[in-house]
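Here's a solo chain for you in structure tokens, the form predicted alone.
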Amino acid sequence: MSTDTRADEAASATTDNEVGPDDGILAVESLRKEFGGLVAVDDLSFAVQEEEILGFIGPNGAGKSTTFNCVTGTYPPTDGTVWYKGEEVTGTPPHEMVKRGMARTFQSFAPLEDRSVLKNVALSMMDDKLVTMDGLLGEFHDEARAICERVGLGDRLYQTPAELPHAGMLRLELGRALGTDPDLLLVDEPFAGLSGPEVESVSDLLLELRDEGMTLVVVDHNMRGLLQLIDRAIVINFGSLLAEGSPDEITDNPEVQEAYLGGGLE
């Protein structure tokens, strides 16, 4: 499917906030999340097309992480509906969403600090199996090693997470997510703290995953890197949809410029 076709389908799906289960691999209708008297997500509707990279954009406090948490089942929505692969999954627990083929990365890393990079990735692959760590590594060794090499950790297989630089921890987080064999991957801040060449390297990996059939939703504050990566963007502000469109349309949108950078989005 071409980038233009994905963008056209997505734009059609979210017209007038009318989103249904057949509008994308992930479809969210009228999502609302309240914390006491605070409305963090407010009547948000959008759809994600198969094999696209969707940028999920907004200023700090806009509701991006809360939306991720509602979609993946970490938070039960106050209202609204979430469909994944045509089935309603509103409020389904995260471990069940992983089994259905949805995974995410986190800004706050939580690997097993006393296990190697290789064993951390192998552990993400075990699902509900009851095996020893030695048995786990024996069963998944080759596949876990391949994932480590793919995310750029092939030379750090036997190091512990504490021995990794920040960029290495980001790569380990990606590796652990890929270990669950997802069809849809929600990626939270993959460029945070990375140098220009590192951003390019991670972007190349995400593009490869998309070209192999994976769908990705990416949040990041490195706007230059993000807009060069994505097929389409959704912009939220104060928990509500502000704009959506191609990277060029988002860059040129004065409302987005004002909300995101006080008048200058570059």
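Numbers follow the displayed sequence, beginning with 1. In this text the structure is predicted, and so the values were computed from the model without any measurement.
Missing here is the form predicted together with a small molecule; even so, the following discussion is about that form.
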Check each of V235, M214, A62, A27 and return the one that places a heavy atom within 4.5 angstroms of the small molecule in the model of the complex.
A62
Tell me, which of E143, D183, D79, E189 has a heavy atom within 4.5 angstroms of the small molecule in the model of the complex?
E189
Stretch in contact, per heavy atom within 4.5 angstroms of the small molecule in the model of the complex, of 46 to 54, 33 to 41, 227 to 235, 198 to 206:
33 to 41
Considering non-hydrogen atoms and a 4.5 Å limit, does the small molecule approach F106 in the model of the complex?
no
Find out whether any non-hydrogen atom of R210 is located within 4.5 angstroms of the small molecule in the model of the complex, and reply yes or no.
no
